[in-house]
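In the block that follows, a single chain appears as structure tokens, in the form predicted on its own.
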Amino acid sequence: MWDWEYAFSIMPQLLKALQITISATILGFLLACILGLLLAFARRSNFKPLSLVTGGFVEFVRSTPLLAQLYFIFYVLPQCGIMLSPLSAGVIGLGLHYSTYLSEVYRAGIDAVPRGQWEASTALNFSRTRTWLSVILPQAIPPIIPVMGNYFIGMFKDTPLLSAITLVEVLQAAKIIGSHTFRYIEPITIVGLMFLVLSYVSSVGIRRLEARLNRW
């Protein structure tokens, strides 16, 4: 049943769509890392209204499906005058959704830093910015790298949801190819192998990054 000639003929289309999948994952994860850290700071704020609003926002986003959020960003926001391309909407949706999970990961890492480190920074008359950048975050980030890596891989495997907002990522490309030729075994199998290889490569890279940071 497997046709190698057909499999090789569709490979360029799948590789082109894979670039979109990888781009959406990387951009979404970078956005999630930045927003997640800001949410963690806001939730730790001594200003109670900000902390409560941030906590409510995090719980709301975590408790609603990613697919519903993507639909809202792509189909509802245009009615308010905010028009986004499928890729932009997908990146924002993925980044926003995963930022709420990463904010809790950041918070756990920050809380794990010994209180003595804060006191030593105060004794040395470090500014708040220098305390965060030079003392707290360098100790808080390395232990949470494995968890962040798991979310990165999870985001990569969630990119097929972006087909719901008309983004032709790699799985959607395989479905389109299959619908044109009525042969699904080759495109779907190839896409499955692509996800397997990239997930494995990502996990190896994350383990090496963790080992390097822990050596420092």
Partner chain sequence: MEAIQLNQYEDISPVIDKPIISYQKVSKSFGDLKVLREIDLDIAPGEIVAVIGSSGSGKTTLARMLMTLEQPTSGVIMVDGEPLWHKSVNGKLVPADEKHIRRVRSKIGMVFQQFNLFPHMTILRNVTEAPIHVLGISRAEAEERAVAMLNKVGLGNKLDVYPAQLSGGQQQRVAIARALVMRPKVMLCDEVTSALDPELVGEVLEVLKEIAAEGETTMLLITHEMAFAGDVADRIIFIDKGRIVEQGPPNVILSNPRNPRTREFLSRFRQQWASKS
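Positions refer to the first chain, counted from 1. Note that the structure is a prediction, hence the values are computed from the model and not measured.
There is another form of this protein, the form predicted in complex with its partner chain, and it is not shown here; the text below is about that form.
For the candidate spot formed by G116, F126 and S134, every residue has a non-hydrogen atom within 4.5 angstroms of its partner chain in the model of the complex. Taking non-hydrogen atoms only, P138 approaches its partner chain to within 4.5 angstroms in the model of the complex.
Using a 4.5 Å cutoff between non-hydrogen atoms, T100 does not count as a contact of its partner chain in the model of the complex. The closest non-hydrogen atom of L87 lies beyond 4.5 Å of its partner chain in the model of the complex. Interface residue remark: A120 is counted as part of the site for its partner chain in the model of the complex, having a heavy atom within 4.5 Å. Listed stretches are 68 to 76, 88 to 96, 138 to 146, 101 to 109; the contact stretch with its partner chain in the model of the complex is 138 to 146, by a heavy atom cutoff of 4.5 Å.
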